[in-house]
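In structure tokens, one chain follows: the form predicted alone.
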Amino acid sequence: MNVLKAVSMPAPKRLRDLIREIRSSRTAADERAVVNKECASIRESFRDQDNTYRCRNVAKLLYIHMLGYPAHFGQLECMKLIASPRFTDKRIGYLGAMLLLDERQDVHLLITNSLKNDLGHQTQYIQSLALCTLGAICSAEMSRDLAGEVERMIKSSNAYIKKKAILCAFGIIRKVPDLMEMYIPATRSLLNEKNHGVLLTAVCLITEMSEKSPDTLHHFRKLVPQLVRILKNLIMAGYSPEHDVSGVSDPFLQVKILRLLRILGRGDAEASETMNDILAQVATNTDTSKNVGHAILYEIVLTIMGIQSEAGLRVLAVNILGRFLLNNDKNIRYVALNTLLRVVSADYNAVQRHRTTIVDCLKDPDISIRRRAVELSFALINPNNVRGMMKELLYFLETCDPEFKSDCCSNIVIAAAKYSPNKRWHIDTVLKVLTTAGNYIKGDVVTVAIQLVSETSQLHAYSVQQLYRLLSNDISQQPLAQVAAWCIGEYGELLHSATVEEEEPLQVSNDEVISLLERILANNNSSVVTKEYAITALMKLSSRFSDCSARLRQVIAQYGSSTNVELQQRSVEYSNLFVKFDNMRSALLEHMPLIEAHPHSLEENFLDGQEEVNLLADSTSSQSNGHGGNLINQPSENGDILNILSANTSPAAAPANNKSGGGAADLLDLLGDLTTDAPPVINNSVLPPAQNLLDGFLQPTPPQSNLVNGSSSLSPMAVFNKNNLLVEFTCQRANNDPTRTVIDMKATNSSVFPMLDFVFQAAVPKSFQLSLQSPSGTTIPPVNGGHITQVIQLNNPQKQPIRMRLKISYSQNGNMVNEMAEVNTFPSELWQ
């Protein structure tokens, strides 16, 4: 009966016919109809146990799977094909296993016995199929069961089997790193092979082992001379048609060896010294006319910069990247800029030699190249070239795409603050940014501009007159309007100064100044924040322009019925000052205290050894207690102003010797949403609606006291554990006082690369007082070879549960890492 049925059934469709039919489908629905019909036919064939066309049906099913349709019902049929003695069946069966099976499905365990049998097969091609499949789908259990078979095959004399076994071992080690030790003895002799395929796979296996284990990395450092010899033979050998690619001898093997040398030479002076000569030879002998040569030179650059190479080699590497910048290929130019950005910190002067070429890339039509060029341009700014670089960057700011403007103007302000030759140039540059970037400017640039003008007392008149001229020409740019309004409110009386350096005197009346601010308030395009600046400026002018007090009062009163709650509150409270507290008005509206020694940072990485200074506090409010630069904030009369302007949070004092520390605004940002019942922190001309105008002037500042170490410490608690960085706190009461806590911070690094420029910052709610002592260092050695410690002193007068926000930054392997975390799991024994 079965024979008759087999004779009566037509032969199933061939794979090429199925592909042709699917490709001829005009719509997705037609394609689904063809696939569904064929799947039904394949299922029927599987049900009838048809062995004649099983191989053909599984092949069609794999094609259907590659198109994205479900094909899981063919898994057991793949097992049957693998068990077949025919090579053609095994080939399709193993291919199906690699595509349809993975370690998440239990059915893949059924293949283990077949793999073991085929690994011992006499035919090398069947052994190869088994090795490829094992490397692709091995689970932890399967790896442990068959690792010994693979290790035996690595020692095979057949080069074809040997390279397949090495790649299989590569997959097994990735899945189960514990099996690495089994393959180390067999790997030692692989570099003596003459076959390039075996050499290539062996280098890949050694690279994987070295990256997985520091002990293995130390073991394989002995192979550096052998790798150098192989690389030298490659570049000195004559033409070999078997390995030649565009005139370069086996570039794939060269690239893999260079990458392994980079891993073995990192942090090891002896290994680096051994490979210096060969790196120079490869860099000078490689043909750069073809893309193959560019690939090798790129790896050369990464290797030179990744090891402890000689200074001359580093210059050579940077010059190679400089030649890349002159290439017509956009991809090569992009790679060069990206790599220069990573190595600029390693050899700054060498990169500076190519500054002109880098600046020319700012005009490149490709947006990706412009993006990398502008980042690298900012990294190259120094006191010697700041004027020329700023000129180029300001021109770029005028013509660049809108998506660049925001970050570009922030970085220009950062660089100007760090490298400005004088205050006049600094102010002119910031004003140029305000007028060029327009409404793309971030709010922190506004804050920095206000701080700059405020602290430069000798240029107050110049600044306010320049801002008035700019604002008169254009009131549509909100950041410019905010800075100008603040400065006019503070220093409006200086608008009438007879002469300001070389500038012509500004001929303007008090009424014209008031009218300009009125225009800002009446402008529908002005943002609410800008209007808040303007109405506050008008209020301040009432003490500067005493003859216009009545008009100012009238203008302010108009907004007492504004639909905007912020403007309405300011109008009502300012009007009350005229009526109920007119005798106090002049004192309340005095000039803001000068801001001294503020670093003007938008990004903490641009600071070098400067202390955190409160933006609104007096210069004497941060004092050293004489014990390692520990800063304790003392109350001052200016501290009361903070109650108007800040939320219920208090920034932490930063250690005096931090290489990277932001301003007070950075630490307020660090707190973020630590308390949800307070309005956000805003700049010094905008008042939060939740408080009365006079509360900040009358409310006392809570006293603070010094902290001392105590005893009875608790067990350490892990507060941050990410990317191989572990930060632990060991907490204890100070002198058994529940209001005082001493925390010992310890940071360790379990990765194989050191963490450089490590900076730890902390912030707490305003009901606490926090002090950070100087850290023990800024570099955390790798592989838990050392640690950094820092003492945190906390005053908790209200005995509240301790909450803390952390900000951690460091540089590792050329990349800058910034992390944040919140800690609210402090033991209650500290305050109860």
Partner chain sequence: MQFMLLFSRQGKLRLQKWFSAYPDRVKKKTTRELITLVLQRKPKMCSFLEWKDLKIVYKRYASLYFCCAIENDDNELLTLEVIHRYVELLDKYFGSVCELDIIFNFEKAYFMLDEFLLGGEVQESSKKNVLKAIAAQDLLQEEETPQGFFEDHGLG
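Numbering follows the first chain given and starts at 1. Keep in mind it's a predicted model, so treat the numbers as computed, not measured.
From this point on, the text means the form predicted together with its partner chain, which you will not see here.
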Suppose contact means a heavy atom within 4.5 Å; in the model of the complex, does that hold for all of D360, L362 and L756 with its partner chain? no
4.5 angstroms heavy atom contact with its partner chain in the model of the complex for A587: no
Taking its partner chain as it sits in the model of the complex, is K807 in contact with it (heavy atom to heavy atom, 4.5 Å or less)? no
Taking heavy atoms and a 4.5 Å cut-off, does C168 contact its partner chain in the model of the complex? yes
Check whether L15 has any heavy atom within 4.5 Å of a heavy atom of its partner chain in the model of the complex, and answer yes or no. yes
Stretch in contact in the model of the complex with its partner chain, which is absent here, among 66-74, 41-49, 786-794, 770-778 (heavy atoms within 4.5 Å): 66-74
Quick one: from R733, H426, H460, H196, grab the residue that has a heavy atom within 4.5 Å of its partner chain in the model of the complex. H196
In the model of the complex, the residue from M305, V513, M142, L95 with a non-hydrogen atom within 4.5 Å of its partner chain is L95
Give, in sequence order, every residue of 132-170 that has a heavy atom within 4.5 Å of its partner chain in the model of the complex, or say none if there are no such residues. C132, G135, A136, Y160, K163, K164, L167, C168, F170
